[in-house]
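Take a look at this one chain, the form predicted on its own, written out in structure tokens.
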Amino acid sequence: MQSEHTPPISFTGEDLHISYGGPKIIEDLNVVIPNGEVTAIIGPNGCGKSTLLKALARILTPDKGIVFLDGTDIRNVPTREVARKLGILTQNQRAPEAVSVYDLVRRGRYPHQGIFDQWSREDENAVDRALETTGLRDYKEKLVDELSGGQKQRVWIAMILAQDTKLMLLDEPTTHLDMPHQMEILEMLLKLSVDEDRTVVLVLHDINMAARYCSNLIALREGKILVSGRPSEVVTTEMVDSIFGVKALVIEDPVTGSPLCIPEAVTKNKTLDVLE
């Protein structure tokens, strides 16, 4: 576990314009990620969710604008220092063949090791904590290929935990998982944020899961932030219709008190027109 005295890391993006050499995917976007909270980026396919996450993690370089990590342009921060502060899990991760759970998770310690550094007790403890937190201690000798989808996802998250960063960025960590495994992953990430003061940023498709487990939501439409804030401020009938083209009833979740979106009918909007 990270020291409770470790200061929070500020994380912002200013005037971001991002493309892949063609039309802008993200345009004139400003974002502030709250410290020590779980933030979900939501929106329809193609709205720029993954693109924004990659830009924040320095995987993509914006055409214009700056991502600030602890007040410094992230482009000017040494790669190893970025990796000590920020962990990123992209979509469709693939483990090398015949790699064990333990060997994959221990790769999260690479940013903390220099050319001449030996594997240390600190490294060992970080990997053990990551395996314990993700419930994988009894699976550490198994091959990753032998695990279920939910277990594999836990292994990748454990690798980021072993990296021991204050910032964790995960792109659709619950995709292809059934409901129980989705809930397990999100509950684990929320616990990490609460217990260890970690800042977690997720790309999620499920509005109700986002509203239940995340304290901050960022709703994107066509590369711009339509609305952001607490779930009760973001998840409204107007937002659901504007972004997803769905008429919905939004009520209070009787279990958690968070907004609960109940779809009624699909409407016609610009987002859905492209599918016709």
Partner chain sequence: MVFLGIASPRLDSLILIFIVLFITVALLHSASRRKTKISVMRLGPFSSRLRKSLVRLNLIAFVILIAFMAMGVMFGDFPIPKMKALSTALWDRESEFDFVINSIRSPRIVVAVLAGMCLASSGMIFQSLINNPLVSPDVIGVNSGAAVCAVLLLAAGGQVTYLPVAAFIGAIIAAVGVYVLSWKRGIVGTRLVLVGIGINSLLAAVITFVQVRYPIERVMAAARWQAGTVFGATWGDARTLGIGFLILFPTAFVLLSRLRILQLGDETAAALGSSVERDRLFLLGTGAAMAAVAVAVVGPLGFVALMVPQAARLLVGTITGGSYLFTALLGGIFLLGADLIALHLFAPVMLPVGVITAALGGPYFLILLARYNRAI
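Worth saying up front: this structure is predicted, and the values here are computed from it rather than measured. Numbering follows the first chain given and starts at 1.
Not pictured, yet referred to below: the form predicted in complex with the partner chain.
When contacts are judged by a 4.5 Å heavy atom cut-off, Q182 does not count as touching the partner chain in the predicted complex. The closest heavy atom approach of T79 to the partner chain in the predicted complex falls within 4.5 Å. Though the partner is left out of this view, Q163 does reach within 4.5 Å of the partner chain in the predicted complex, counting heavy atoms only.
The partner chain in the predicted complex comes within 4.5 Å of a heavy atom belonging to T90. Of the stretches 172-180, 90-98, 198-206, 147-155, only 90-98 has residues with a heavy atom within 4.5 Å of the partner chain in the predicted complex. No residue of the trio G65, F68 and R75 has any heavy atom within 4.5 Å of the partner chain in the predicted complex. Listed residues A126, L189, M168, L104 were compared with the partner chain in the predicted complex; L104 is the one with a heavy atom within 4.5 Å. Of the residues in 119-141, those that come within 4.5 Å of the partner chain in the predicted complex through at least one heavy atom are, in sequence order, W119, S120, R121, E124, E141.
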